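Presented as structure tokens, the chain that follows is alone, the form predicted alone.
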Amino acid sequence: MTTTQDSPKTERSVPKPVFTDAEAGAQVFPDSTLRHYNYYKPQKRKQSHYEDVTVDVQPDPRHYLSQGWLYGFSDGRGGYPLDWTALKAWGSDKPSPERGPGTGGLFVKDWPATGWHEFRDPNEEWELTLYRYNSNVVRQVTQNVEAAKQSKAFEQWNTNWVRFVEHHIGAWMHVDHGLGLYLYANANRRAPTNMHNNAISVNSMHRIRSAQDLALYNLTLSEEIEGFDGSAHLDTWNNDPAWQGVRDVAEQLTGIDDWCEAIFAANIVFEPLVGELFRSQLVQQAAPRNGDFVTPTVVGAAEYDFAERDLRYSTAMFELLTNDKEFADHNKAILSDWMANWTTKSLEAARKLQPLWSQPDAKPPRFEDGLDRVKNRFSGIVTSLGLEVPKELAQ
């Protein structure tokens, strides 16, 4: 009988940790204990949390990114070319630092930083604010609709107003969805700094959320109101002559290649002249007169998005460009051309909506009065940017 003895245990070879003081945080620098960043100049005296999580998050080889773009396009251009818009900010024409083999840590004495990096969103939008704001809006809209269901508020609507809502409120959903997904989301990718990206992407989410609000509201009405046609808005959007002007302009807006022109045409021209005309001067005026106190809360959420947030960042962005220390005249000339073009198209679209004012039983204020109000508001926005009111507004 053979006895097998236990083989001796051998110690495994495991690499031993060696501390070389190269790990993050090992070295001590003069500002190691600072509780704020020092690579950017705050807009106000004290740095804000918004600036800490936004400024220079998107790298730029003209602004501290010494190794150059980490990625590019097939034509050799880097990640965010400045020629994606015809507008310019100071420093745009200065050449980028030249790099070659072995210049990964190139020291640049005078960075050709452009005025694009000066923009700060007055809404201070970033990831946390996006979720917090939109969740609050959705919660409030949902509560309003649920309260209306419980109180049988939809039973107070007359037949004519039911037909108006099923055809025309749902039609605006196509505008919000199209612009949110194909205009703002596209412009967000093309903008040159993270400050622009955040503001525009939040604008995109506002429009997409608004389209979702209207879609869910449409489904609710289909369940609550007997005979409500939840698909009527499709035929209205595709075939109703009153909506073909809005549809045409909305589709043209989504085809704009220049990201600055897209934001300017949508937020400075189209929304004040067409969006606010439909939401504020028609829906929110006619609905209460026809016993509907629910629809204004849904539409009003989108109106607040634009009037108090999206327009606010847009004017701040374009004010910088019209007052740029190097390219102010250049920018004003281009913006004026864009404004003349899109003002004409937007007014034509607005006037085609006029038949909607006569459809409810209880009529809203006159179409011409509402159009005059939005024209006056548009004039104030344009003047605040340092631009002349376009002569096309008189048509």
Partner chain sequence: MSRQSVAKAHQKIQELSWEPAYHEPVSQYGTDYTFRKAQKKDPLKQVLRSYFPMQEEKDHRVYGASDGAIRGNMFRQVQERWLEWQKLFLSIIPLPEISAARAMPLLFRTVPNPELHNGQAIQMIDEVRHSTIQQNLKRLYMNNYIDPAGFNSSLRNFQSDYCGTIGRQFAEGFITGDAITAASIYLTIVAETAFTNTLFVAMPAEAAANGDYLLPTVFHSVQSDESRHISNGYATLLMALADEDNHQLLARDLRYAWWNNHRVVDAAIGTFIEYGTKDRRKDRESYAEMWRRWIYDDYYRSYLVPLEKYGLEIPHDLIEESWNQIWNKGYVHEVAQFFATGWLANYWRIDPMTDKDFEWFEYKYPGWYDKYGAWWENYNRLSMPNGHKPIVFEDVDYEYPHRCWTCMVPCLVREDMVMAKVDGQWRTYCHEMCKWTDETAFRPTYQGRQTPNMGKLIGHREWETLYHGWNWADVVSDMGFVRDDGKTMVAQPHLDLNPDKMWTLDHLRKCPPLASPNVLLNEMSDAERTAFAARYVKGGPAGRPAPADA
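C-alpha atoms forming the largest set that superposes within 1.5 Å between two forms make up the rigid core. This structure is a prediction, so every number in the text was calculated from the model and none was measured. Residue numbers count along the first chain shown, from 1.
The protein also exists as the form predicted together with the partner chain; that form is not presented, and the subsequent description refers to it.
Taking the partner from elsewhere, Asn158 is found to have every heavy atom lying beyond 4.5 Å of the partner chain in the predicted bound form. The partner chain is not shown here, but in the predicted bound form it comes within 4.5 Å of a heavy atom of Ser135.
Residue contact with the partner chain in the predicted bound form: Glu368 places no heavy atom within 4.5 Å of it. Within this chain, Asp257 lines the site of the partner chain in the predicted bound form, having a heavy atom no more than 4.5 Å away.
The putative spot formed by Arg35, Leu219 and Gly230 is fully lined by the partner chain in the predicted bound form; each residue has a non-hydrogen atom within 4.5 angstroms of it. Residues of just one listed stretch (267-275, 282-290, 305-313, 237-245) have heavy atoms within 4.5 Å of the partner chain in the predicted bound form: 237-245. For the candidate set Met205, Leu82, Leu320, Val162, a heavy atom within 4.5 Å of the partner chain in the predicted bound form is found for exactly one residue, namely Met205.
Exactly one listed residue, out of Ser66, Gln43, Asn341, Gln359, brings a non-hydrogen atom to within 4.5 Å of the partner chain in the predicted bound form: Ser66. Superposition on the rigid core between this form and the one not shown places the CA atom of Asp31 2 Å or more away from its counterpart.
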